[in-house]
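This document opens with one chain alone, in structure tokens, the form predicted on its own.
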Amino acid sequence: MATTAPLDADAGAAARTVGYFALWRVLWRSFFFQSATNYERMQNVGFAYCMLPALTRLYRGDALQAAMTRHLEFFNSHPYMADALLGASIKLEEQIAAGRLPPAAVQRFKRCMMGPMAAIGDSFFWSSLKPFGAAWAIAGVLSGIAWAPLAFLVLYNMFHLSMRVYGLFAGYQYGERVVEQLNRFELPRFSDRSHYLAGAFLGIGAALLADDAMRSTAAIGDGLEPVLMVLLAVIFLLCLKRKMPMLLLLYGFAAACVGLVCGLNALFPLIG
């Protein structure tokens, strides 16, 4: 029969804490979070692998095996936001090891929070930050800023690494209340606003590419670039208001750029 304090064989278990060295090991392992993703239980192996340095500080023998089994259940969330759940789960495991919580507490917490964390991470990183940075980089390259792709990588990884580090240590400090701390950043609000900026940069990039294509072929359409820029920006903003997926906009933008260049070169081939 399961007990509230799984460390009956170790009298000093209740006084144990994980410590920051183990947390840094958990952070390092979190970069391989999705290495063993499977169709049956999704990211459960990655989650248990990340938890192992902390669990070995709290449990021994059969208690360690039981703790690992708890974290091998189904788990699926955003890989960047999962660090906050890792930190909070470690905090809960400390309380379980001390006998203050039942083992099922950490399982309930993970089941309740993995979905909302996935939704926040998907909307912020996948649907907002990455398209916004990519659109800015495209417009930058077309404007002659050769280092724009490097700036995009720096910007994106600065956000994602900061979220990993802060999420893990805030989760360990606040436990189940880590959600309140993450809510202060208002990531969903930023996600909504960044869509408009990404659309504007895509429109600017399309206008710049059209201008370069016209300069390299025939001198037609001079003076129409500002009008084209405004029209394309309005089109993208209208698409965003209708909730068109940002990835579809990016791929559509790339296809339109290629088609525009090929069409202009076909109609007005270079001389010489």
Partner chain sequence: MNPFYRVDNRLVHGQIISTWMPHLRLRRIVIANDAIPDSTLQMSMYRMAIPEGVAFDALPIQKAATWLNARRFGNDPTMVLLETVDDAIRLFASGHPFPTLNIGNVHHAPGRRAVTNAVYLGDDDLHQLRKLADRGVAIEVRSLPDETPTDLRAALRSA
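Computed from a predicted structure; not experimentally measured. Positions refer to the first chain, counted from 1.
The next section is about a form of this same protein that is not shown, the form predicted in complex with its partner chain.
**Study point:** Residue contact check: Glu176 to its partner chain in the model of the complex, 4.5 Å heavy atom
**Key:** Yes, contact at 4.5 Å.
Check your understanding: Can you check whether Asn76 is within 4.5 Å of its partner chain in the model of the complex, heavy atom basis?
Key -> Within the cut-off, so yes.
Check your understanding: Looking at the partner-bound form in the model of the complex, is Asn183 within 4.5 Å of its partner chain by any heavy atom?
Key -> Contact check for Asn183: yes, within 4.5 Å of its partner chain in the model of the complex.
Check your understanding: Is there any non-hydrogen atom of Ala118 lying within 4.5 Å of its partner chain in the model of the complex?
Key -> Answer yes; at least one heavy atom of Ala118 falls within 4.5 Å of its partner chain in the model of the complex.
Exercise for review: Tell me, out of Ala98, Ala105, Met114, Ala170, which residue has a non-hydrogen atom within 4.5 angstroms of its partner chain in the model of the complex.
Suggested key: Exactly one residue meets the criterion: Met114.
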